[in-house]
Every structure is written in structure tokens, then in C-alpha cells.
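Below you will find one chain, with nothing else, as C-alpha cells; this is the form predicted on its own, and questions on how it binds or moves follow later.
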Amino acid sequence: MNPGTIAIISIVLLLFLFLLRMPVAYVMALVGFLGFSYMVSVGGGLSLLAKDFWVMFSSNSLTVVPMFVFMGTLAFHSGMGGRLYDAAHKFFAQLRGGLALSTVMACAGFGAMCGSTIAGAAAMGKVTLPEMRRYHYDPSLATGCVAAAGSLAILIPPSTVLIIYGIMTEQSIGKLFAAGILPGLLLTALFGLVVFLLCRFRPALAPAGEKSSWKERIASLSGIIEMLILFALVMGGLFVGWFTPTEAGAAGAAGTLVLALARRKLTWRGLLDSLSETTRISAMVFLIITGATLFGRFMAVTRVPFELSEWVGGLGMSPHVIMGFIIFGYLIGGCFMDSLALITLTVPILYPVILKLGFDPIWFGVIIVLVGEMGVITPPVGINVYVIKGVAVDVPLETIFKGIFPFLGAIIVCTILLILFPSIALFLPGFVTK
């Protein structure tokens, strides 16, 4: 068989194993190993398997992952998400739809400390859904809002997905973090606009809440100050060149620990759970990156990514039209595959195509994350929806999926704006030195 046929068979096998719910990392490693062994030799495949596992798990660049994951788990277990919501609640609750708007703002703030969409949705769901239920919010708006806004955690830095993309493509993680800031703020504003318009034209969805005094509002700002301190420490250090991304993650984790201890909100159980979750999540990410690397090396041997980029370059079509097809493919793929699996699977294949078309790889990293945000809320796989289902067990899945569609439209609008105005993502990275 020629290399192209072998590559196609391997991708079909990969998708089939994904549908069987086999772990993403193991599937990519297995298919990559088998494909490489068939193309080269079994000895070469075994050597590559041992080498890549050793290189990845001993890589200094990957130490950035546990640092930012630990920062996020500490923020979760010390209740920082709840304090962010309390602050937003004090300022917006008196508006019609104010609790949903507060949820969006709190999710954005928590995303600046977390980086995990699952943690963002879970943390905010436990805090905000009982409050919206108390004020008789429409279940589809309440659950859909939390599921969608929880996805902001993978766009607003620090983002685990941007870290993985940066490692896979050898792009600056600091620049990728900077590129996610303005799109993250833009998407937050669009989510807020969705809430406003829904409540403006369908007032029955969300009644107004109680108005807080200015004394209560000012007192609640301490929850926001925590987030601002950590965000300024991490991103400020990256912008002025004080920290490498790994050092920024360590500083963020240390800062989160200090703030949690100063408030006496972190228990021994919370600390142990944070360490346990950090170890588990980091090991999972390491395995996924290793599996993606093995699969990428197999793809490189088949030369399919490079031949695909040459073929696409010779089509004579507008690069933006081709990008539109790529994004549409991601949107369809996100309906059936976990977003992280989709990204790690496709980046080794499509990255050479993106470079051939002349698109900036930092900008494409942000686009990848936005597409991933679509994937975590679109049926039937949308993982955030199932997280919210676990919190609101009495709300049918159909109701939650119904609630996400207006917010999905906001993500699509944000993606279109980034395609039309790439400077939204590329302005801030120019100021990052590392």
C-alpha cells in the first residue's frame, strides 16, 4: 500500500477507537506506533515509542502544565470562584437576567485563574445554579449560560489547550496567552449581550433580583482583587519579561496558595485534593501530548500533511475560504469528538496547511481554542453540558442543550470577527518578550 492509503486507514481506525470511548492518549500512541512500525520497522517503532515517552516525560517545557493546573485546582478548592460570583452578583443581580450576567462575568474571572473548562463549569454551576433556581430563572437559560460561560476558561489565559497547542507546534506559550486575552474579553462581552437580548425580548426567562447597597458592593470587591492580583502577576510577568511561562505558572500557583492561606479558606483536604487532581490531570495531559507526538511522527513519515498542504496551496482558492472549510470541519468534528482529542488529532495534519496558506500560527491557536469551545457545548458529546447535568440532575439534557445554542452563536460571531480582524488576537503578543 502507498503511504496515503496507510494514513487514511490509520485515521479511520483512530476515529473508530475514539467512538469506542478508548482513552485518547492510548489510541493515538497505539495507532502512531503501529503505523510507524509498518512504514519503517518494528524495531524503529519500539525505539520511537521509548524515546518519545522518555523525552516528553522528562521535558522541561512540559513543567508549565502542572504549575498552571495546580493554580487552577487551588483556586477551585479555596472558593475563589464563589467569591468572584458574589462580587458580580452584588453589581448585576438587580438587572433582569442579572444573575446570568453575573455568571458570565464570574466564569471569565475564574478562567483567568483556572484554565480548565470542566473545572470552570463545575465550580460556577455549584455556586450559580441554586441562586438562579431561587429566582425562578428559566432552566434552559440558567444551565446553558453556565455550560457556555464555563468554556471561557480555555480561552482566557492561562489555558491548558493553548499550552498543549504551543508545545505541539513549538510556539511561544507567552504569546499564545497574550493572544487569548482580547478574544476572551470579546467573547465575554458577546455572552453578556446574548443574556441581555434574550431577557430583553423574553422577559419571562429571568426576573430581576435584589439590589445590593454600595457598601455591600465595595465589600465584595475583595473577590475580584484576588483574581486581578493573580492575573497581573502571571501575565504582567510574561509581558515585561520577568518570567518564562513555567516560572509564571509557578508564581501563579504560589500566589494562589498564599492568598488562599491568608484568607484561611483552604483546608488540608482541599490542599490534598488539589495536589491529587494536579497529578492526575498533568499525567493525562502528558500522555495526550506523547500520543499526539507519536501520531504526528507517523504522519510525517507518510508525508500526508505536507502533500495535503501542497495540494491545498495549488487549489487557487482564497485562503479564507479554505480556512472556512477547516473551521466548519472542526465544528462538525466537535459534535462527535472531545475537543482535546480533536485538537491533538488534527494539529499534526493541518498545521503545515495553515503555514502554507500564510496564516499566523499564534492566531490559529486562538481559532483552535474557539472551535474547542464550540465542541465542549455542542451535542452529543459536549462535555460541559454533562458537567452541568451532574450539578442540575433534575434538568433534562435536552433543556441544557437548548439553552446553549444562543451562546454557540456568540462563539461563531467571535470566530468570524477574528477571521476578519486578526489583529484582535495578534495585537498583544507583540509586547511579549518570552
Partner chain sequence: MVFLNRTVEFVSKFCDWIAQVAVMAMLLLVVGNIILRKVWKPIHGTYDYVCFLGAIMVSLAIAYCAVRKGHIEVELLMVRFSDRVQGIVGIFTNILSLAIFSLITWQCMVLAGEMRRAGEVSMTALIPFYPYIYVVSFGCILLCMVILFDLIKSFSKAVKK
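Residue numbers count along the first chain shown, from 1. Here the structure is a predicted model, which means the values were calculated and not measured.
Not pictured, yet referred to below: the form predicted together with its partner chain.
Contact with its partner chain in the predicted complex, defined as a heavy atom within 4.5 Å, is made by none of Y351, L357 and L408.
Taking the partner from elsewhere, F286 is found to have a heavy atom lying within 4.5 Å of its partner chain in the predicted complex. Taking non-hydrogen atoms only, R280 approaches its partner chain to within 4.5 angstroms in the predicted complex. Mapping the unseen interface onto this chain, M67 counts among the residues with a heavy atom inside 4.5 Å of its partner chain in the predicted complex.
At least one heavy atom of A250 is located within 4.5 Å of its partner chain in the predicted complex. In plain terms, the part of the chain that comes close to its partner chain in the predicted complex, with a heavy atom within 4.5 Å, is 58-66 out of 400-408, 361-369, 387-395, 58-66. The contact residue chosen from A208, L185, L275, L228 relative to its partner chain in the predicted complex is L275, the criterion being a non-hydrogen atom within 4.5 angstroms. Of the candidates M80, A292, L198, A341, A341 is the one whose heavy atoms come within 4.5 Å of its partner chain in the predicted complex; the others do not. Looking at 36-57, the residues that come within 4.5 Å of its partner chain in the predicted complex, counting any heavy atom, are L46, S47, L49, A50, K51, F53, W54, F57.
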